[in-house]
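Next up: just one chain, as structure tokens, the form predicted alone.
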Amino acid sequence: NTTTELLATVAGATGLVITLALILIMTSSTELIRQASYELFWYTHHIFIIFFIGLAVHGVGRIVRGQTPESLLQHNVTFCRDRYTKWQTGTSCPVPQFSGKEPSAWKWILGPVVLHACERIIRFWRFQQEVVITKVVSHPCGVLELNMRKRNFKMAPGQYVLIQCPSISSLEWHPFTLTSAPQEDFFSVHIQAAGDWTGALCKVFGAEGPIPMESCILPRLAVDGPYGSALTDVFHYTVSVCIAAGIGATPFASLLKSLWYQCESEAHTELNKMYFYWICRDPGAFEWFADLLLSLETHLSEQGKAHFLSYHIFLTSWDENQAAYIALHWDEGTDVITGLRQKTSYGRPNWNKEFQQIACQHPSSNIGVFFCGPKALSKTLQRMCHLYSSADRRGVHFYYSDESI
């Protein structure tokens, strides 16, 4: 049996192993699997160790054969290739001799393996660094806020960190966007219980109420980072539009806090106008972000810059009781859900109308559009940017950037 004989060789067995490993890695890396079970993706992805070992050993069987150096000296390929009928009789063209070639796959995998080993060493070193948890707050809708400190930690708006909780898993690292500002003496993340690991994290931190817990009873966390490009491009446009959906508001929390500190110190920036849109389905999700918007709204009003920030909050889901309560208090000075002066809108934004208004209010401007949220909405916004950008170089132009992790 040819198949059985092939699998009995080193090349056949390792070839089967690395093929199966590659199939598992590729299938578990699809977006469907990652969203359904991040743990399955995480652990299956580490089969790459078996893949690289199999790849390095694969050539030991020397199935690939090449002409020997001695044969190349006696058998001139250029001269003999057209005289193959005389190979047996002619002394100038002896029969070429072949042998198994030296395995060379290790040369191609050595570099990536060394880089990966260096990255693991650096991560282990950062794992050993102490992280002090200064505050834990549980917000509605399963959002956990963690305030932390770490020596020599420097960040920029829009960056993220990798977090590990050894009491949950000693192997898993999960990325979370930073929600604090660089000017603050701590860094923070907001974590939504949306999976097994995040749900377990909320549970071990006892996140059952918005009461800060004592740090001495908290489980240990390890933090690696920050990573990623900063959201500082927002300040490089005269007009910027920031759009968030659900928990996608987290990178803009850092940005808005940084903006608050810049207004406090009266730092120079090219940004003259910012539009902020937040689309969310649960009213409770607004609570942790509304305080920041209220503080920024008040501060800008005191400095005579109330026109600087325009924010629009959209609630896409509500029940009859909520609708009746909202209608009852609609004439009040502040919004009944967020407590802000700007009223919450109900339903989804009409992006054609929104982009048309912005384009009319800022003719001949370069406008940056920054988004964090689902891909379906991202495609819509990309289309709007293209649709409402003028063909005239002197007209309005929208430049789109997707900040989702």
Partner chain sequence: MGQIEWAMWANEQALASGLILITGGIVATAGLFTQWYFGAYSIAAGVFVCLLEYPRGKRKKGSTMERCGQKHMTKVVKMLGPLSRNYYVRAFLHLGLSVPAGFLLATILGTACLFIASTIYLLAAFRGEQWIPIESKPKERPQVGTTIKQPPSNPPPRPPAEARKKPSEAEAEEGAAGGPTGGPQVNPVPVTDEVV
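Numbering follows the first chain given and starts at 1. If you superpose the two forms and keep the largest set of C-alpha atoms that fall within 1.5 Å, you have the rigid core. Every value quoted in this text rests on a predicted model; they were computed, and no experiment measured them.
Unshown form predicted in complex with the partner chain; subsequent notes refer to it.
Using a 4.5 angstroms heavy atom cutoff to the partner chain in the predicted complex, none of Asp233, Ala253 and Ala391 count as contacting.
Stretch 192-200 is the contacting one of 157-165, 192-200, 243-251, 73-81, since its residues have non-hydrogen atoms within 4.5 Å of the partner chain in the predicted complex. Shown alone here, Thr344 lies farther than 4.5 Å from the partner chain in the predicted complex, counting heavy atoms only.
Taking the partner from the other structure, the partner chain in the predicted complex has a heavy atom within 4.5 Å of a heavy atom of Ile33. The partner chain in the predicted complex is approached by Thr19, whose closest heavy atom lies within 4.5 angstroms of it. Although the partner is absent here, Glu39 is a contact residue: one of its heavy atoms lies within 4.5 angstroms of the partner chain in the predicted complex. With contact defined as any non-hydrogen atom lying within 4.5 angstroms of the partner chain in the predicted complex, the stretch 167-181 contains no contacting residue. Relative to the superposed core, Ser389 shifts its CA atom by less than 2 Å between this form and the one not shown.
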